[in-house]
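As structure tokens, one chain now follows by itself in the form predicted alone.
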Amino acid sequence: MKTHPPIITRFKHNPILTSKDVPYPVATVHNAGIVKHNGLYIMLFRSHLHNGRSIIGRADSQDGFSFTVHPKPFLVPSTDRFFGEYEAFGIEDVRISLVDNDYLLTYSAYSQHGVRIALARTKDFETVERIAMITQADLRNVVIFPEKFGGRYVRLDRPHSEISPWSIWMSYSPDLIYWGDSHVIMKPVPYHWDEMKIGPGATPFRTDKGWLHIYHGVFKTMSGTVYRLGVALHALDDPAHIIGVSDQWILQPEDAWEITGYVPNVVFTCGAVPEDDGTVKIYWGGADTVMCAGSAVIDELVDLCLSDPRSPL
């Protein structure tokens, strides 16, 4: 029987990072933002501490697969009077976008007030400046496009809402602090692999035919939920216009460390790095426990959005 090759080729030595690789006590390593800075792959990963709350660590790599963790965490909940109140229960799931020579970091901040998105920036991943809380509660999974449109910053976000169930929205800002003109651009599809909820995943990257966005979708089964990855193509001049969304998923939990762990049956991405050879390195957390990596051909991902699409709404 003929079988189709996988859309994403898993790295043969997955997982690429586990809690055993971290030189300070953590229970997990997962959901990392990734960027290539001055030829070095920099990973900002989430870890559960042994009290259950999350912090952000940093790991570096020359080849994008073999990572070394820094001796101390990269970002921990703030003790500042304002940010400290909203980060008190932990910080999670960093996305990284390079805009105007600044790396913009968005991450989920948890507290007694719920979950909000915090925004920080860095130029060198050595010093970090917190800018603002850029959403109200409850909202998580915010990803900023690495380019301005009409002089404004543009982001994908995912409010918690059962009225328009866990859909992907788009918002705009003149200054990174105040955001508005929000509208829904993509919804889950009934009885589809992403029917329960969808959310922004990796930072979109430019291709010849559009901005490619790898997102996550969730399906509810009799034994729990399954998190998979899908792909959407946004117009280059207006990312609110979605050219196509692949009808099929591009990655699902299959390896033991994706099926079993802190949260079973999860592959969840916060970062992808396009390469000059036409491939993209994709990174995902396996079962909220370990970090994994793989690669795909960019043109093949684009073709999935164009040749086998489903309606974004």
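Heads up: residue numbers just count along the shown sequence, starting at 1. These figures come from a predicted structure and were not determined experimentally.
Only in words, not in the display: the form predicted together with a small molecule, which the text now covers.
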Checklist entry - Looking at the small molecule in the predicted bound form, is some heavy atom of each of R46, R140 and K197 within 4.5 Å of it? => result yes
Checklist entry - Is D93 close enough to touch the small molecule in the predicted bound form, meaning at least one heavy atom pair within 4.5 Å? => result yes
Checklist entry - Within a 4.5 Å heavy atom cut-off, is V273 in contact with the small molecule in the predicted bound form? => result no
Next on the checklist: Taking the small molecule as it sits in the predicted bound form, is Y41 near enough to touch it, meaning that at least one heavy atom pair lies within 4.5 angstroms?
Outcome noted: no
Item to check | Any non-hydrogen atom of A59 within 4.5 angstroms of the small molecule in the predicted bound form | outcome: no
Checklist entry - Though the small molecule is not shown, can you say which of V266, V35, V245, L251 has a heavy atom within 4.5 Å of it in the predicted bound form? => result V266
